[in-house]
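Just the one chain here, laid out as structure tokens, in the form predicted on its own.
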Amino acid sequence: MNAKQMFGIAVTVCLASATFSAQAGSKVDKEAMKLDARATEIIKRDFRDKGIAKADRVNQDALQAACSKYEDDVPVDMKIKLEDEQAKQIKWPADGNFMGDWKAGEKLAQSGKGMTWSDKPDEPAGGNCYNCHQLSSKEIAYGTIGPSLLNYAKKQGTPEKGQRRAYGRIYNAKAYAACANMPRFGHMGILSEAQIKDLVALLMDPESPVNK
């Protein structure tokens, strides 16, 4: 067998292997799609409206569906597009002021109330911030899903830029990171404009425990 024949055999084997891999991958993709469809069917079957908790919460929008499909690692082009779409939907304060009362913001950040079936629709939800972030150097227990927020204001550059960035991230964190774990507090109507301003004050006011 000469070198040319050996090369031809090698190419044939490689092509056959690639075809098999593509077919196997396609089969795996189809099975995964079937499982996803089945899971969605079960979720929609078993979830029911109860109080203010409505079953439509299980319906994903385009961004959520993309993050689920790619397991939070969406292609760069898609990520940029999704973030741009989310950013365009941020409703900035009409008065141009991003700061509220940091003391009210602290109470809000430490409150996990809201969004459950037993809550009343006219009762404001809490920010639940402590579940994911460290907010004070005196805290004994806090979540670590999100970064520590200690000395937040000192890390943000100018106060104006920091305030706007903080407001935007709280309003819709997915405008900055498409598959972020952080809820879209303003976008989803969980927190009001005034509440978000109070949280911005908690993060940016030099007198708040975040910056002490």
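Definition used throughout: the rigid core is the maximal C-alpha set that superposes within 1.5 Å between two forms. Residues carry their position along the shown sequence, with the first being 1. It should be emphasised that the depicted structure is a prediction, and the values quoted were computed from it without experimental measurement.
The same protein has a further form, the form predicted in complex with ligand HEC, not shown here; the description that follows concerns it.
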| property | result |
| --- | --- |
| Contacting member of 87, 132, 104, 78, with respect to ligand HEC in the predicted complex [4.5 Å, heavy atom] | 132 |
| Contacting member of 158, 181, 26, 59, with respect to ligand HEC in the predicted complex [4.5 Å, heavy atom] | 181 |
| One stretch from 51-59, 64-72, 37-45, 162-170 that, in the predicted complex, holds residues within 4.5 Å of ligand HEC by heavy atom | 162-170 |
| Exercise: residue 199 in contact with ligand HEC in the predicted complex, heavy atom 4.5 Å | yes |
| Residue 145, heavy atom within 4.5 angstroms of ligand HEC in the predicted complex | yes |
| 4.5 Å heavy atom contact, residue 153 to ligand HEC in the predicted complex | no |
| Distance check, residue 191 to ligand HEC in the predicted complex, heavy atom within 4.5 Å | yes |
| Displaced residue check between the shown form and the other one: residue 117, CA, 2 Å or over, core reference | yes |
| Residue 145 C-alpha relocation of at least 2 Å between the shown form and the other one, rigid core basis | no |
| Rigid core superposition, residue 65 Cα moves 2 angstroms or more between the shown form and the other one | no |
